[in-house]
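What follows is a single chain, given as structure tokens, in the form predicted alone.
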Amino acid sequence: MIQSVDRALQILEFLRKNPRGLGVTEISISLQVAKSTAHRLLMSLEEHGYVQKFGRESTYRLGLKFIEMNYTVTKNLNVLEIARPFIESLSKETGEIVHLVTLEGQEIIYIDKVENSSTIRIYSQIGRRGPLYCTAVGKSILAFLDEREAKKLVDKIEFARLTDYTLVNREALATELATIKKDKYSYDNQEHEMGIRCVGAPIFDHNGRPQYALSVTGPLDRMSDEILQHHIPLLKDTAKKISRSLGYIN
């Protein structure tokens, strides 16, 4: 029984990697079993809607059951519940404040925050909104959005110089977004608040959309270039783990 379940799961994995479909012979070879065994397993999977048979060549593909399952799973995902253990761990590892935000219209909203023992006071509060163009989290979302959507958002930005370091033109922002897309993380070097430095990374949902972002935030005296180089891999790894937990497959 366990062997049959294992083989059935292997078939589903083969079909996931071959969306155009596979025939019984190909599947039997991959499983290293007789064609009759592969056929029996496929018939059982087909009966339950997990695979479908197509065309004269009788190739098999993943069935519609997975659409139903995907809807059920993603509908019940709670990003706050999923992300919380990861951001707590990241805050503990870095010793700094960690933010979780979501994209809402033309702004980001802080939806969770883990603080350490630091007494620094910063802008962020859960439920508060922030700009896209001068926050690490906002820029990391912008950089990975579909180009058309990103352009629409950037075109609507009303740039305001919040500090001496704020980017206030579209050309400079476009250059930075290209770098962020290449490096897969972003900086906020006192652009939003004086004396505060952040690094951010995108979090992708099950559709591959950068709906959320994560940041590590701290004061200048604790966020030197050297220390940031320690924090960045931890940040990127945490964002990747949360993305995978939300159903993102890259």
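Whichever C-alpha set is largest while still superposing within 1.5 Å between the two forms counts as the rigid core. Sequential numbering from 1, following the sequence displayed. Everything quoted here is computed from the prediction, not taken from an experiment.
One more form of this protein, predicted together with the DNA, exists but is not displayed; see below.
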Q: Check, residue by residue, if Arg7, Ala34 and Ser58 all come within 4.5 Å of the DNA in the model of the complex, counting heavy atoms only.
A: yes
Q.
Taking any heavy atom pair closer than or equal to 4.5 Å as contact, tell me whether Arg40 reaches the DNA in the model of the complex.
A. yes
Q | in the model of the complex, Gly21 touching the DNA (heavy atom, 4.5 Å) | A | no
(Q) Taking the DNA as it sits in the model of the complex, is Lys53 in contact with it (heavy atom to heavy atom, 4.5 Å or less)? (A) yes
Q) So in the model of the complex, does any heavy atom of Gln229 sit within 4.5 Å of the DNA? A) no
Q. Picking from 202-210, 216-224, 26-34, 184-192, which part of the chain touches the DNA in the model of the complex when contact means heavy atoms within 4.5 Å?
A. 26-34
Q) Can a Cα shift of no less than 2 Å be assigned to Ser224 between this form and the one not shown, given superposition on the rigid core? A) no
Q. Is it true that Met43 shifts between this form and the one not shown by 2 Å or more at the Cα, once the core is aligned?
A. yes
(Q) At a 2 Å cut-off on C-alpha positions, does Ala34 qualify as shifted between this form and the one not shown after fitting the rigid core? (A) yes
